[in-house]
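Presented as structure tokens, the chain that follows is alone, the form predicted alone.
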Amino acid sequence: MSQFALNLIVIGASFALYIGIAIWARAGSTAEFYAANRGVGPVMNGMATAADWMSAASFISMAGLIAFTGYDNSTYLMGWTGGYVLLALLLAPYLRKFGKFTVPQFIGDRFYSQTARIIGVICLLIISITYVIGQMTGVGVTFSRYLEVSSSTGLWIGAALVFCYAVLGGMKGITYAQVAQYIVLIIAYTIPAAFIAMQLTGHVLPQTGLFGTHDASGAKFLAKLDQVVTDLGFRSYTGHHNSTLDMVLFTLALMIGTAGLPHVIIRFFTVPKVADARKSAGWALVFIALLYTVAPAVGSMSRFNLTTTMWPGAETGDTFSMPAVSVDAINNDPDLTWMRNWQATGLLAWEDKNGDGLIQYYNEAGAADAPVAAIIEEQGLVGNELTTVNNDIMVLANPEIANLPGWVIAIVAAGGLAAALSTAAGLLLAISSAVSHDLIKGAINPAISEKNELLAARISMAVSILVATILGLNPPGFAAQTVALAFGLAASSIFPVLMMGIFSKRINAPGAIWGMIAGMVSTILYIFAYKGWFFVAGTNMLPDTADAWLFGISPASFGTVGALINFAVAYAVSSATAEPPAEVQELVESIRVPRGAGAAHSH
């Protein structure tokens, strides 16, 4: 059976499963559409939350970012995991005890202001739409390779699938589909990682293989990887090379951005009791850890496999005899079929610049100080000839580079799609509930019937899918890069107002409103100044380089600064204006009092 046919069968079977679940779990009321009728148990909710949380950025892009940067990009692991702990301890139980459907509804009620609720909706829409672009990017990458269609065609197929199970099932259908998607994605991530760890280190567990011995050379695996990449002029894999300040701020932006993500927060509205919110958070951390502890091994081993493919002598220690692979081999060698496959997607490219029939791979910027410098001079090389390696291909291409069985490759394809689609569905639900419940029912037409509100929710989700797909056709960066910007926006707007709403009785409506505006606007302006307005090339006012960044703070790290601005403005405005009404202060007190460990009541 051909690889294409195998991919089609496995991906098609997973799609049939998701659609079947949606039809079985179709939402018949707004309570089912928004919060699965608050009937999801902690273990199942933990698994669904893990799938909702582990997006295309986690499955496809994170290990790719680690692969090409190494230690410095461990910030993604630390920030995302640490942020989930923050969410579980500081926000989830209290928001569940409040007993509402959406984040803007909490903001509106806690700050006794329709304006605050609408601003919350605007912030949620900006965050979620930015985030969902990253998911659609991942869908396009996966489809373009494994179903041999264009990236844009892949996007439309993915959009149609999400439409089927998200619009039909709402939170109820999405929850059960996400449980299935978690099982698919975790199997798809760990099986190839175990195969490759066995090949390179003899360890069946990738986590231990990362710190084990490289079989072919007898050296410690990470030491061997460091040697291979530095010999070619790249920075050491295990070294710290970036600004420590920016690294700390970026990690914090991911942490507090995670805790402010509306589509993750609403998962905790689906459990029966406050105690279940805490339990489901614990289970979600267990399920997330199964993938996140494997990701560093996947990143490092995929970088090693790519490098030794381009420089075959490096693996056994045959130094510098030929740091290249021949064009003839690329075109004909069955072991290099993966290069031809990925070239067709446009995400991998090479060029024989000096016409010697070889594709040389090295880092031009660092080559002068590397052993490869002598060969560059001797052979008259004119530059690195592996011209494009998109970060997002590393996890998906890794099984092919390692020549794993075809069924493993097909499972990885299904896993990448499961990761992207599960998060996209959660995001789209957050968007549609904000529009139908907070904007239409909360502000425009409070007297709307439940039937019409449910219809409005489905229509708004369909429109959201269309908008997300169109924006996903021209994303601003890799899946994880786009997602990182969404985290910065969540960090600067939603997280501070939730924290102050739960833990401070003094913050009032004007403080919350101006805090959200100041945090969000400052972060958007900073991102757009360096990334370009609406990410259109050439529209950035300042060069997007470390030298040009303010105090060396990258656009993706600015969310931490935006959060501090939000807190500062909220406290300053609240101090200068009247205290919140007594009943609101009592509400804040009641949210935090432990006596709500039983069933939460609705206000």
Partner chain sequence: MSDKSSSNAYWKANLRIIWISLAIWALVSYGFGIILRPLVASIAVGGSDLGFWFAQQGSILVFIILIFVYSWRMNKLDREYGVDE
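Small disclaimer: the values here were computed from a predicted structure and weren't measured. Residue numbers count along the first chain shown, from 1.
Unshown form predicted in complex with the partner chain; subsequent notes refer to it.
Undergrad: Could you spot which one of 389, 448, 77, 329 gets a heavy atom to within 4.5 Å of the partner chain in the predicted bound form?
TA: None of the others qualify; the residue that does is 77.
Undergrad: Tell me, out of 234, 292, 350, 361, which residue has a non-hydrogen atom within 4.5 angstroms of the partner chain in the predicted bound form.
TA: The option sitting close enough to the partner is 292.
Undergrad: Please determine, with the chain shown alone, which of 461-469, 379-387, 269-277, 108-116 has non-hydrogen atoms within 4.5 Å of the partner chain in the predicted bound form.
TA: Contact criterion met by 269-277 only.
Undergrad: Spell out, yes or no, whether the shortest heavy atom distance between residue 82 and the partner chain in the predicted bound form is within 4.5 Å.
TA: Yes, contact at 4.5 Å.
Undergrad: If we define contact as a non-hydrogen atom of the residue within 4.5 angstroms of the partner, is residue 66 a contact of the partner chain in the predicted bound form?
TA: Output for residue 66 is yes: heavy atoms within 4.5 Å of the partner chain.
Undergrad: Looking in the predicted bound form, any heavy atom of residue 169 within 4.5 Å of the partner chain?
TA: It does not: once the partner chain is placed as it appears in the predicted bound form, residue 169 has no heavy atom within 4.5 Å of it.
Undergrad: Is residue 336 near the partner chain? Define near as a heavy atom within 4.5 Å, in the predicted bound form.
TA: Residue 336: no, not in contact with the partner chain in the predicted bound form.
Undergrad: Let me test this: is every residue among 207, 285 and 296 within 4.5 Å of the partner chain in the predicted bound form, going by heavy atom positions?
TA: Yes, all three are in contact.
Undergrad: Can you list, in sequence order, the residues from 166-195 that come within 4.5 Å of the partner chain in the predicted bound form, counting heavy atoms only?
TA: Heavy-atom contacts to the partner chain in the predicted bound form: nothing from 166-195.
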